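Single chain ahead, written as structure tokens, the form predicted on its own.
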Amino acid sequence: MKRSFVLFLMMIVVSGVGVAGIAGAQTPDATELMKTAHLNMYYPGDDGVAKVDMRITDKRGKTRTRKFVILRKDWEEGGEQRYYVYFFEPNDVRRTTFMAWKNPDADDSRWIYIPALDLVKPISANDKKSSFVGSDFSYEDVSGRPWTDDVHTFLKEEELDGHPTYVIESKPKKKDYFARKLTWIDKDSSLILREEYYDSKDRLQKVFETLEIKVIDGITTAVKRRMSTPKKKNVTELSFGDISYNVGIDAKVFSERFLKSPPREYIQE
């Protein structure tokens, strides 16, 4: 009798722990997940250099290519950073340079140097949704949208192409060019594997995908990325190569002077 009673009590205790465990399970913090994913995607290391092959394919299957090198330096983790882009190909954009000073707390500053005119031209900070050199990526897509611009909600966990992921819904805090966004974050790498942007009528506007991941200098990196625009049936793929992190890029490189005179130590075909 006593042994049966003890077993009965043990079953109650174990059951109670199980129930408490389930009741105490916390929903993942959507904002923290988005912050971590953003930092991993757009702030790896203190700076970085990479050569990029861009392939743009329209609905007729016609393909255009761009080849460029991109330099990045972070002033603050998750905060101000600067970008410098130099184009090698095609010939009509060769020697064109682009520079952006990103400030999550204010409007970005952007410039482009057009060699045919020998002209440095500022680009409107309000043009963040405009196409980056004719691709499906916008200016904002290149450097990433700050997680602080949106309100995030955790939706679920699910598998995507064999990767366990967290699925987050994000809505802009202020009226913007999309009404909501769904993001799939890889549990293992905390990189963004997929994003879907919807308009106010819940129509799919564009889709971002990470196609390939590699470890570079100890940093897990999305080395192949794709942006598609379903309505236009356009697709742009970016392939990153010759990637280096923490190379100590001089801050003076990110100035108007270097738009006309590229830093040759980093600009090598």
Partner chain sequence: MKRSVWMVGLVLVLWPAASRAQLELHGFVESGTAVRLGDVGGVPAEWGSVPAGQLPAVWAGPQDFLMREARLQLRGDLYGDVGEAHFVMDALEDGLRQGSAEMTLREGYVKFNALGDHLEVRAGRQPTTWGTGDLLFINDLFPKDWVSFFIGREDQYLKLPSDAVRLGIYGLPVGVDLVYTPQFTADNLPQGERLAFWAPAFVPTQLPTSELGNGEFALRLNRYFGSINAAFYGYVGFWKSPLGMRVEASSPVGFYYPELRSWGGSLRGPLFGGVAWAEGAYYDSADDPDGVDPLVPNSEWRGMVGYERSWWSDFTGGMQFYWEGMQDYAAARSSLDAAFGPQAFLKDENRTLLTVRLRQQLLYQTLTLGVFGFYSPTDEDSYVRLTADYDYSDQLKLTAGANLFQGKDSRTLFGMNDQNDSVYGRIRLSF
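Positions refer to the first chain, counted from 1. Computed from a prediction, not measured in an experiment: that's the story for all the values here.
Just so it is clear, the following notes concern the form predicted together with its partner chain, a form of the same protein that is not shown.
Segments offered: 240 to 248, 63 to 71, 208 to 216, 32 to 40. Contacting its partner chain in the model of the complex at heavy atom distances within 4.5 Å is 63 to 71. In the model of the complex, at least one heavy atom of Val133 sits within 4.5 Å of its partner chain. Taking non-hydrogen atoms only, Leu117 approaches its partner chain to within 4.5 angstroms in the model of the complex. In the model of the complex, Arg94 approaches its partner chain with a heavy atom inside 4.5 Å. Proximity of Ile123 to its partner chain in the model of the complex falls within the 4.5 Å heavy atom cutoff.
When you look in the model of the complex, the only residue of Tyr86, Phe178, Trp147, Tyr83 with a non-hydrogen atom within 4.5 Å of its partner chain is Tyr86. For the candidate spot formed by Pro90, Ser109 and Arg264, every residue has a non-hydrogen atom within 4.5 angstroms of its partner chain in the model of the complex. Scanning 234 to 261 for heavy atoms within 4.5 Å of its partner chain in the model of the complex gives Asn234, Glu256, Arg257, Lys260, Ser261 in sequence order.
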